[in-house]
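Take a look at the structure tokens below, where one protein chain is shown in two forms, each on its own, as structure 1 and structure 2.
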Structure 1
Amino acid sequence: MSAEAARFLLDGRRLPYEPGDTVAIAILRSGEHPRTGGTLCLAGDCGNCVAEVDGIAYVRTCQTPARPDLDVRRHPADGAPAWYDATPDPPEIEVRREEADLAVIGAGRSGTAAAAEAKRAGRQVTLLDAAQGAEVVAVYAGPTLIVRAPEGMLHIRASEIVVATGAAEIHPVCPGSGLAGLLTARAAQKAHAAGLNLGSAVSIGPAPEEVPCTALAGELVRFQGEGRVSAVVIRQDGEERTTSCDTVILNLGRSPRDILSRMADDLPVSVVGSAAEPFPLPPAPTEGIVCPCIGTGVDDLEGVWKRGFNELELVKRASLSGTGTCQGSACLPHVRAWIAARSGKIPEPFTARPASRQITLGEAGADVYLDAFRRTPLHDEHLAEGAQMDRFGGWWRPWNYGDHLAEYQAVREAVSLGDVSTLGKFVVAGADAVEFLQRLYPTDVSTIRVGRSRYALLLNERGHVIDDGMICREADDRFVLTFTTGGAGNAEMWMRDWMETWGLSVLLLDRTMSLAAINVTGPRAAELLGRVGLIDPPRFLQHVHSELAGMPVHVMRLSFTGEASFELHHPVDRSAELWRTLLAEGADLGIRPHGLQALFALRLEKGHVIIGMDTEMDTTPRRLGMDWAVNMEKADFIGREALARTAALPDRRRLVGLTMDGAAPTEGSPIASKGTVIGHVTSSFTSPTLGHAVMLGWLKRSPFPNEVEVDGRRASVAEPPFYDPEGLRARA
């Protein structure tokens, strides 16, 4: 290696290094410290040598081989390293997956022995060691090991894991522990072996072999110096003695390096060698910084203890000790000793959380996939119509087709198609189907006749609305239920939970992704359906099975838009065919598809709520003005008890309709009364039909006013529906 090549950049200047140097050793060789100070272990245990390396912060420089092209920048003395803009084109981090019968972490004496013994027993063994490029950073259930390797991340599923990671050295806790010139015993040996001049060195505890130094007897009191240690104060026989020095070597004992095993509660993980040794704790600290990564001092521990955080896990959370770069390697023995001195009992080490090492977001997210969003069978049809697609409730859905007002008008004046394939669709059948649904819903399901349907709310035990949809009775013991797009998954879990709880004879079939659904809506909807074979369309809230355009279709007559509407539920593999046929047959009727933007406006004019958009987590039917959907005469249903108990209580919340002149305010706008905010708008639309803005919004202060201010303008509380209040158009 040429003299010119043997340099790397440290804070923008070129620093020489020797072959075999780590970055930390090279920095020490130059007489500096990788940070501003603090005891160095040079073993990857502590956080006192971390720096930014090639743009990645918190890299342990003692584990980073020096090389000519490195760009090392020390972290600021106070605070965190600066954030950088994301790399425009970050390299993709590969993930390799392997399986192992036994994974041994640590290739030291005990790890090698454990691996050899297992191999002799005929087991397939994977031996991992950070020094050999395989740094285990996490143990998850499985058990699965997450390993950082030079070529990327390695995910190993192992039947059994052996942790043989050895022991870390105890760091000092006393005033002056943040100075430079402090090394653990093993770090001193490494530094000496690398040819570093330690100057006048003294050791606290036994002097490490082969390192020239003077061992001092006594109890460590403090370090002295400006930036770098110049003297150490020892107490012996009650007297303090100060010794001048250039380097202090700390040989204060060891603690098990067992962080990976502490991530693995209830997993087949065993610990061997020094990592399993019950080393004695250091003396309880009385002064100084306990956690050098966070800066937690003994006085901070005192403070949280006085506030009642009298248990290790709580002390950790309240003081943040053990939550920094080294995850407790430096501070945990001291915190345990400190608690033991106060409580008289040595606490078990705290649970460790992945990752044990600073990993990049790229490494953490490698091979992690984004949520998959479903596409309806009409996805390509929407794109062909120029739809602007967006994600709603786990699906890609058309927001509009370029002109949401034209789509709105098509529904109000002619006929339009909406893709409602995303609705939850379930079949419930069986001898106890009626009993099951009676308990599930607040409506009296027994009074729904075969061939009829009913809108229903779904409540939880607290009487809060969790979803809504239709109940269609197909036979005495068979029903089709629909739920909202975003709520279908939860609704299924809800039903299955209760099926199991009640032990009723009920069958449940999820058809959400098996059936597509097209909503044919508008004053000319029936006319269009007549052209494709629906000679005798069902009346409002009736449903029939029929054949349309040559395919089996379940036709449900209902209305969310306020116009006559027919939901056509049909097999997904024939949906595009039906869609095209309807568009072709309706061409002279002024047909055009509508997206969600128009649908939200249409239903708002009718005052129909959208669960999750207009409702909150604790919305009751009363707060929605939907007591009519609850039959309290029924003996029991989920939520009945809560509704009965709260019925007589005052309620200061109400979802109301609002109207105002001019353009609709933004959804979410505050609602004020006499200058005080009393609620917010959940839905809003400037209605071309009505000539003014319509809204739904929450009032959360009683008595409920009739006039409010929204967006600095006057708005009036008005009873929905705003459009066709008698519902004549929907029933036409």
Structure 2
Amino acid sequence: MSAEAARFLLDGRRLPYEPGDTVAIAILRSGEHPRTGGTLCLAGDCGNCVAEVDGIAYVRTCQTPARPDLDVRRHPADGAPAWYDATPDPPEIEVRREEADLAVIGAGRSGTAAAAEAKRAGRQVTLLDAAQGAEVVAVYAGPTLIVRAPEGMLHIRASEIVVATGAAEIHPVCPGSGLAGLLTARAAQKAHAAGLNLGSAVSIGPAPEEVPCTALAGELVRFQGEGRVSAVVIRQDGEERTTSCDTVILNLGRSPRDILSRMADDLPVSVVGSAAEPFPLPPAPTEGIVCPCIGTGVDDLEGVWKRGFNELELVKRASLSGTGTCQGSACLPHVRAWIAARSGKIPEPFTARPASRQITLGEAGADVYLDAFRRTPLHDEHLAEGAQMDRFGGWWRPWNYGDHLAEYQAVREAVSLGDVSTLGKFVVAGADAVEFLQRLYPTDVSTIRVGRSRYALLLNERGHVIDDGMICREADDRFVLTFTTGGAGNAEMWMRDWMETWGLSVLLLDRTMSLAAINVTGPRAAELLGRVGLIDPPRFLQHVHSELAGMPVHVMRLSFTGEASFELHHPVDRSAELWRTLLAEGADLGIRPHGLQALFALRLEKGHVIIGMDTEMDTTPRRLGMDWAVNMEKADFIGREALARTAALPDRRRLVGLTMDGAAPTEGSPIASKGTVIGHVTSSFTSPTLGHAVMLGWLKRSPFPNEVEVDGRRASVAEPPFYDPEGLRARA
């Protein structure tokens, strides 16, 4: 390679390098620092050489080989790296998966010895070393090793792991430790071997072999200089002595490089060699920067200690020491020594979090595809029907199939299918199932008979509505619960938290992803279901287990649309089959699927509330006009005390029904009374059945008027439901 060709970009200018140079060595060769200053170990243990390389921040330049046209941008002295405005499309990263009997991390003396001993015992050994192109960055349960290699990522499932990663060198903590020109002993040896001129060099601690320098005896006090070290001050026999220099070599001791083992306390992971050696801690620092990655100083440690953060994990979180790019490799020994000096006890090192080295999101997510919005098993069926898909409640759902009014009419006049697989579906069973649900819900669960179901609200401790759904009783000690699409995850967390709090004998099974659900709704719904095997359909709010179209189905009779409706809960792997069968059998009945746009209109005509759309964070049953869903005669339930305490207080907020002539106003439109805004519309629809617009909206000022203005037009407050107020069609 010619001298002219052997260059890379450093902060926009071309910098030469020698064959075999790392980026850090090449920068040092030019007389500069790979970052802005600080002690260099040139072993990957600290963050003082990190830079942005080809658009990837926090890359250790001491372990990055220099090559032509590499684009390196040093991080600023303060703050985060600048946004890289020319980041190329990331390459496809391949993942290989392997099995291993014994995986040994580190090919030094202790690692090769452990590998040789295991081989003599007849074991199969996989030896991994960063210098040989296999950098282990994480240990997960399994145990599983995540390895970064030149050709991609390697995931190794091992029976046993041996960590033989050696020891890191101690960095100084004193005034001036952020200057350039500070090298650990090993870094000085590497720099000297690369032919770098260290100038007038002094050594604190034993001088490294073959490196020309003057060894100084005494206690390190501080470094002096402007940007680069020009002198070092030591204390000897009580007196301070200043020595001029160009480079300071630091041989202050070592600490175990055991971060990978600290990710896996409960896994078959052992540590050998110097990574397991109990090195003495350095003297407790008295001033200076302790964590160079974050900039945490001794004064910051003093501040968090005075505020009561007196454990290592708390000191770490409060001061951020140990949370930087090296995860405490440089600062952890000093922080432990500092705490030990105050508490009299040396704290154990904190738990390490994967990954030990910065990896890109592409490397972390290699061979994994995650759609943040889940898809039901009928997703492709919707697309085949021409559905316009939209995101709702964490799922892809059909908004419409091209004509939402035709879908609406199919429900009102014939029969329609709706995909409700997104509903939360849970089984609650056990000796204390009834007691658990009695405390959880404001309704009297004990009065629900086997084979019957009931609509119920879910409240928090403040009496606010956080979700709603159905309670279906299958046996004396077994119930099926449903929750809203967007609330299912929170509902599960909520239930499991209270189960643990109350210590009840209850089992909870989440079947949201294992069960699909299709809502068959409309005046001809029962007729269609009769064709696929449901001879004796359940009555309103009953549920049965049956076999339809040759598959097991849990049939729940309810209604969100205002028409006769049957939810068919069934195995996900047969959902497409059931969907197609129903469409085929109902072809002469005028069947067509409906999406959310039609569903929202249908439920609005019935005045049904959608949690999170019509409700607010502090909505109570009273504000919804749903006091009927709360049984205050019960001994106790979540939210009861709050509801009892506020029952006698005036409440100036109500969700009300509204009607008006003409087209429905936009959802979110302000509601005014006598020129003053007193609320807003949450849901609106121009009903072809009723011949006028219907709405739900909040009134937030009392006394509540009977007439208001919306969109500059008169609207009347009306009691929902607007359609079939007696509920005869849903019960037909």
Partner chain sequence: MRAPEPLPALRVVAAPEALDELVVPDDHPTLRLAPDELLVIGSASVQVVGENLVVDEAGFVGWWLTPDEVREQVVPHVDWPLPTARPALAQGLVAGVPAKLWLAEDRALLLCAAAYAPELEERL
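Residues are numbered by position in structure 1's sequence, first residue being 1. All values reported here derive from a predicted model rather than from experimental measurement.
- Looking at the condition given, the form predicted in complex with its partner chain, one finds it describes the source of structure 1 alone.
- Rigid-part membership between structures 1 and 2 differs between R353 and S514 [C-alpha given to the better-fitting superposition].
- With both rigid parts superposed separately on C-alpha atoms, the smaller turns by 23° against the larger between structures 1 and 2.
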